[in-house]
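Given next, in structure tokens, is a single chain: the form predicted on its own.
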């Protein structure tokens, strides 16, 4: 399959509300690997400062299940979540993989990177006489990787981990590496976005990226553009409270400034998404999430005013109105 056809496949599944992208992609990848006589995509996956929600979301890949994705697409060389090895054995595997697959593997980083106090606030490996922080691991593995993928909004931009007051000095992967990082943001990430990005890397190399380093395949349009309630917005028909069926812009929906295909991609088993169950989009793929989305359930024009008022109060510049 040519790259253009792959792009159309991703968009078709999204816009037509078809079954999951992984189901469509796996036969394509298998045919490509058979024709090209190539191996799976070698991946080193490290989890840093986050809640682990992205690997849980990835495990919710359905029809096919996550095991089939590993079997067809990903050669998982190391993962502190999925691997059985622990301690020294795990570190030995990590070192061997980094050396053997130098400039061939894709580094997947899930979570933000604490940089305050030399990164001491997130240690991803420890033995009797050795300690490896997330900061050290990313700086070590990043230059050795062929591609670097930041998985989730924390890994991409800092996300909730870097939200005010950010006492650990957490930042996105892009802020600690002097190289290009592919940001697959989301809190958590939709498994289709991750599987689709890795499949593109395997077959065609780096996908087209937007100005935030995210694959245009999945982040090229705003949630607002394809929202099923867009006609309500155009007619000025806004919900008066949470749970109403009209446009939720009045309830703090961030859709107009959030790049993602959630309205048609949908979530777990592709059956729903926030607006469908009467809650606003909170802009979880955005560079400034969550601070830029708060306070939640407050219309966009009022969010900035409230944040500025709170900032002035924190600086002792006046009383809250």
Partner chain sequence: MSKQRITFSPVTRLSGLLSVDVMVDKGKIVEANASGTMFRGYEWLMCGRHVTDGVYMTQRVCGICSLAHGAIASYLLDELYDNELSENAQYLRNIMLAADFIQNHIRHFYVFSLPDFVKMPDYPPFEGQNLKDARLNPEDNKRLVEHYFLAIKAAQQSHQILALFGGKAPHQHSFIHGGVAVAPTVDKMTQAQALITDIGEFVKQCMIPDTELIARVYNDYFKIGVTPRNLLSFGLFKFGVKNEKTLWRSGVLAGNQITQPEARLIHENISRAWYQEDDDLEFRCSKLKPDPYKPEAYSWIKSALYGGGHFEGGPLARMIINGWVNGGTGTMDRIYARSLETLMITKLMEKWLGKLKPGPAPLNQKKIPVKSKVTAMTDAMRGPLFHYAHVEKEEVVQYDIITPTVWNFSPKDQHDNRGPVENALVGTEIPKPDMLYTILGRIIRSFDPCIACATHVLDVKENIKAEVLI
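Numbering follows the first chain given and starts at 1. Predicted, not measured: the structure shown is a model, and the values here were computed from it.
Another form exists, predicted in complex with its partner chain; not displayed. Remarks below refer to it.
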item: 4.5 Å heavy atom contact with its partner chain in the predicted complex for all of 141, 216 and 221; value: no
item: Selected contact from 136, 75, 180, 208, since only one has a non-hydrogen atom within 4.5 angstroms of its partner chain in the predicted complex; value: 75
item: Contact segment among 230-238, 195-203, 141-149, 125-133, judged by heavy atoms lying within 4.5 Å of its partner chain in the predicted complex; value: 125-133
item: Proximity of residue 47 to its partner chain in the predicted complex, heavy atoms at 4.5 Å; value: yes
item: 4.5 angstroms heavy atom contact with its partner chain in the predicted complex for residue 294; value: yes
item: Distance check, residue 263 to its partner chain in the predicted complex, heavy atom within 4.5 Å; value: no
item: is_contact(residue 161, its partner chain) in the predicted complex, heavy atom dist at most 4.5 Å; value: yes
item: Members of 158-193 lying within 4.5 angstroms of its partner chain, judged by heavy atom, in the predicted complex; value: 160, 161, 163, 164, 165, 167, 168, 187, 188
